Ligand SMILES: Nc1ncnc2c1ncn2[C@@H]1O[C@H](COP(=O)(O)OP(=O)(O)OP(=O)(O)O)[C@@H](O)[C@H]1O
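Here we start with a single chain on its own, the form predicted on its own, put down as structure tokens.
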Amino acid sequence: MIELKQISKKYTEHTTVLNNIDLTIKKGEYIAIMGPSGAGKTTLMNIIGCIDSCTGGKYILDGNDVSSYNDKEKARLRNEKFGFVVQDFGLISSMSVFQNIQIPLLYRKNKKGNQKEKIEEILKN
């Protein structure tokens, strides 16, 4: 479960992108985040995906307060918990789809024998 409690993000003293956002996303739930350009959608997604940090509030993921995690702990979460479909392609064009999917699995230290099966499972979904 993802819980955001009073999440804020300020880039400067005069630039507040998110102001006291409360949001709960339950396991298996689908949501849509919509709004005009500049409304903070990408910033919110970057905080949820542990790419960026909030400047205020708490971010609880599966019962753990991740708002104070260091970069290494956030990298582990990104590798184990999150996947993004980005607006512009986040793929390496010189690699096949299979190889692009394989990259995060290499960081997870999965056994190579399991990687092919895991990638085929991902591609089916």
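Keep in mind the model is a prediction, meaning the values are calculated, not measured. So that there is no doubt, residue numbering starts at 1 and follows the sequence shown.
Separately, the form predicted in complex with this ligand exists; it is not shown, and the next lines address it.
Enquirer: Can you pick the stretch from 60-68, 93-101, 74-82, 34-42 whose heavy atoms fall within 4.5 Å of this ligand in the predicted complex?
Expert: Heavy-atom contact with the partner occurs in 34-42.
Enquirer: Since only the chain is shown here, I'm wondering whether I21 would be in contact with this ligand in the predicted complex (any heavy atom pair within 4.5 Å).
Expert: Result no; I21 lies far from this ligand in the predicted complex.
Enquirer: If we define contact as a non-hydrogen atom of the residue within 4.5 angstroms of the partner, is V17 a contact of this ligand in the predicted complex?
Expert: Residue-level check for V17: yes, a contact with this ligand.
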